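In the block that follows, a single chain appears as C-alpha cells, in the form predicted alone.
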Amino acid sequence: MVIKLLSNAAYLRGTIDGRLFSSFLEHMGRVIYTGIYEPGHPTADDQGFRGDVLQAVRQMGVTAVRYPGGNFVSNYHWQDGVGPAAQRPRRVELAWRSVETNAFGLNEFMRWAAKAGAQPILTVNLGTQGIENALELLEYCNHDQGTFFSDLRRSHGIAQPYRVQTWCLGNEMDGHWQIGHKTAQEYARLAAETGRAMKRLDPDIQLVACGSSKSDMASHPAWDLEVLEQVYGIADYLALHQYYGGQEMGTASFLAQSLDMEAYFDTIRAAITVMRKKTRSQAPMYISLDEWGVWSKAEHSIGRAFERTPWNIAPVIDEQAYTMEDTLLFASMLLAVLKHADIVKIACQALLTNISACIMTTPDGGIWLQPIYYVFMMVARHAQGQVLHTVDVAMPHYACDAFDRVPVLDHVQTLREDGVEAVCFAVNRSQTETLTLQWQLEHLHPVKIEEFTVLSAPDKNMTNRSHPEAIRPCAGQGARLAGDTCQADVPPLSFCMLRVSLHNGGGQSDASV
C-alpha cells in the first residue's frame, strides 16, 4: 500500500518548544530512591546520584524535569527536604502509603537537574498547604538574600538563587484521589490568589494551573472552563494529564487512542479561545501536558507492593515492562503533542525511572532501557524548529469501537530552524501490511537521505525486560530519493524516522540511502 505525503515550507503548524521533551520525577516507589539516587551504588557520585542513570537521561535528550509530584506533593512539606540530611524528619506519606525519609529533597533535585542538563519545573502543595507555603518556597528558591527564606537557603550552602522559571499550582486537584481535592470553584480561587501573590514576589516566573487529569474525567471540560475563567491573565499554562491503557481492546482500538488525545488538545484550545474573549485578556495561554504515558497490562507489571504492605520505604509500585504495542501508542501520543506544537509548549513524560518509565534500574544494581526510551530519544534529538503542515493524499483509514476513521499511518514532519533538514516520524498501525511511504518535499530541495531508522519487533508483546537489546532502533532498508520525493518501506506495527538534508536555494539531489 502506498501512502503519499506532501510537505511545503510555506505551510506550518507551529514552533517546537524544547520543553516538549521534558520528564517527571515524583517521590513514588523507586523513582527517586534506587532510581536516580542511590548512595553506595558503583556508579554513584559523591552526592549519591547514579551515574549510569544520569548518562541515560542525557542521551535521552530530556530538557526539563517536573518535581516533586504528582500526588506526593499534595501532602508534602518542602522544608522537610532541606538542610542537614541527618536532621530531616521521616514522614508518613499518604499518596502512596509509604514512609518518606527526606534523604532526597529540593536541593538534591536542583543539583541533580543541573548535572542532567535539565531545566527544573517545581510544583507547590495546594492540597494541604496554600499561599503562604508557596511564597516561602518561591522565596527560598528565587530571592537573592536578606530575607528569612533566602538566608535559610544560603545557610544550606546555596549562595545564588535558583531562579526557577516554571511553577505548577498544585497537582490533579480535580481528582477525588488527591489529598486536599477541591471543587473547580475552590481550586480556581486558590490558584488565582496563590498565583497573583507569587508573581508579586517574582514577576518573571511562569505559572501552570491544574486542568483536567484525564480526557474522560466527568468534570471535563467544565472544570477547565471554570479554572481558565479565574486564572486567565495570572497563569500562563493550563496543565493536562493523560494516560492510556486498554490493551485488552485489541491492537486496532488500543493504538487509536492517540486520536482521543488530539481531541483533548482541540477542546482545551477552544476553551482557551473562549476565555480569552470572555476575560477580554490580551495575554497568551498555552497547554502544559505535564504528565503523560501508557499503562502496561497486568501481566507486564512488576508489582504493586504498596497495596499489600504499606508504610515501607521506596516500595515497588506499578513497575511496568513496555511491549512493542505499548511503544507504538507512546509514539503516537508524542506525535499528537508535536501536531499541536502551536498550543502545547510543555510535555512531561511520566515517569523518568522505574514507574511507567523510560529507564529501569534493577535490584542487583543494573539498568535497562524500555523501548519507549528510544522513541523519546529519536524525537527529542531530531524534532526541532517548525512542525510542517503535511497533506496526506488518499490516506487509508480503519474503523474500531471508539473511532470511525483511524489513519493507518500516523505521521508528523518537522523542519529544522536553519532549513537544512526535514524529518518525518511515522507509526504504522497496520498489523500485517508494510506501507510504502512517498514523501514529497515541495520547494524544500531535498539533497540526501541522511537516516532511515525503524523500531519494530517480531512480536507485538515483546519487551526489553529479559533481553535489554530485544527492541532497539535499527537501520531501515530501501529508503531512496527521486527528485523531490523520498520513499521508504515502513514495516507493520513499527515506528520510523526518516531524516533528509535540504539545500536552500536548490541543487542536485543525491539518491544515496
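Because the structure is predicted, anything quoted here is derived from the model rather than measured. Note that residue numbering follows the sequence shown and begins at 1.
The same protein has a further form, the form predicted in complex with alpha-L-arabinofuranose, not shown here; the description that follows concerns it.
Only one segment in the set 139-147, 334-342, 170-178, 124-132 has residues whose heavy atoms sit within 4.5 Å of alpha-L-arabinofuranose in the predicted bound form; it is 170-178.
Interface residue among Y162, W295, F403, Y286, judged by heavy atoms within 4.5 Å of alpha-L-arabinofuranose in the predicted bound form: W295. A heavy atom within 4.5 Å of alpha-L-arabinofuranose in the predicted bound form is found for exactly one of E108, E291, E325, E421: E291.
For the three residues E26, N71 and H241, a heavy atom within 4.5 Å of alpha-L-arabinofuranose turns up in the predicted bound form in every case. In the predicted bound form, alpha-L-arabinofuranose lies within 4.5 Å of some heavy atom of L351. W96 belongs to the set of residues with a heavy atom inside 4.5 Å of alpha-L-arabinofuranose in the predicted bound form.
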